[in-house]
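Just the one chain here, the form predicted on its own, laid out as structure tokens.
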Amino acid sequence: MTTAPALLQVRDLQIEFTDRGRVTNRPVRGVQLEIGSREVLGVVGETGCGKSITANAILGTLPEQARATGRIEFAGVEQLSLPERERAVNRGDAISIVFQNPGTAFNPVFRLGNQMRMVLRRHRGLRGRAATAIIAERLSDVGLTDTQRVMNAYPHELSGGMLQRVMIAMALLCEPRLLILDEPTTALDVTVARQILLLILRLQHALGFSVLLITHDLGVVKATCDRVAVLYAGRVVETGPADAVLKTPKHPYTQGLVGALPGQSGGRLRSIEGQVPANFLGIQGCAFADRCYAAIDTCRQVDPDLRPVSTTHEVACIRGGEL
């Protein structure tokens, strides 16, 4: 866990989907996360492991049929018990998000400047020249020099890379304490993606916000994150300093992810056989057991909690200390 005071603490977060009162899926099954002040935490795992829906729970944007239990403390305030109107105040203000596809994140019929002004009017009560000045400053911060043209543009008139920069600028308008990045470079080519990641790191150092980076790319984690939490089937299976987890992974799932990272395995890239379960209800024992090279009979009976393998490195595996 972090040594600095925690800005965000997630404890035993469980999310259930219901249909007419019947639980149909449980995509998050006791997630534990912690982010310190000015820290970058990477949350990694395959598609369907529960990364994005955990972010939605933190933001308070779960769909109507989803129910979250556990604790989410932000700046010392428990969030799940707050009325929706109070959580809505945080969104876009103290907590902001950058989505993976900039092309669908904006309203296509409004100019970008008007959409950014709506954020400042809602959260800061700013209008007119005061709002325009802040918008121009943020657009300049993200490397967009012709700020007037950008403000007058509609979303379809900008490239994907430029639009992603606008989305970052809008997310930072109110100087949030926590920025959530949900696969922020997935829709971009490699060169532009690198530029965006370097930009975010530069702004994070300059402005001092914390970052929750959701990704499936361990290369991105290696380049950007202080710590990492590895999710599998709705649970954190390994967490610790990014350097330690990537160099000496203790959970077989993390080992498989690292083995598929170019330059890490010393030869051919390895793959993890099998797939993430389609539904996490009724899982007995460790959800990874059927895909695990080291599984023993006990693994199919016990779903282990995180336990320390060092002062900062934890793993949820009954054999994690010996692998």
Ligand SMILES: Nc1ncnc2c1ncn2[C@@H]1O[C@H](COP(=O)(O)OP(=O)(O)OP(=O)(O)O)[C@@H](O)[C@H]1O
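Source: prediction; values computed, not measured. In case it trips you up, residue 1 is the first one in the sequence shown, and so on.
Beyond what is shown, the protein has a form predicted together with the ligand; the following relates to that form.
Of the heavy atoms in residue 282, none are within 4.5 Å of the ligand in the model of the complex.
In the model of the complex, none of the heavy atoms of residue 217 sits within 4.5 Å of a heavy atom of the ligand. Contact annotation for residue 34: none of its heavy atoms lies within 4.5 Å of the ligand in the model of the complex. Proximity of residue 42 to the ligand in the model of the complex falls outside the 4.5 Å heavy atom cutoff. With the partner omitted from this view, the residue of 30, 259, 60, 48 that lies near the ligand in the model of the complex is 48 [heavy atom within 4.5 Å]. Proximity to the ligand in the model of the complex, defined as a heavy atom within 4.5 Å, singles out one entry of 275, 65, 69, 298, which is 65. Heavy atoms within 4.5 Å of the ligand in the model of the complex are found in exactly one of 285-293, 251-259, 48-56, 34-42, that being 48-56.
Using a 4.5 Å cut-off on any heavy atom, the residues of 15-45 that reach the ligand in the model of the complex are, in sequence order, 17, 25, 27.
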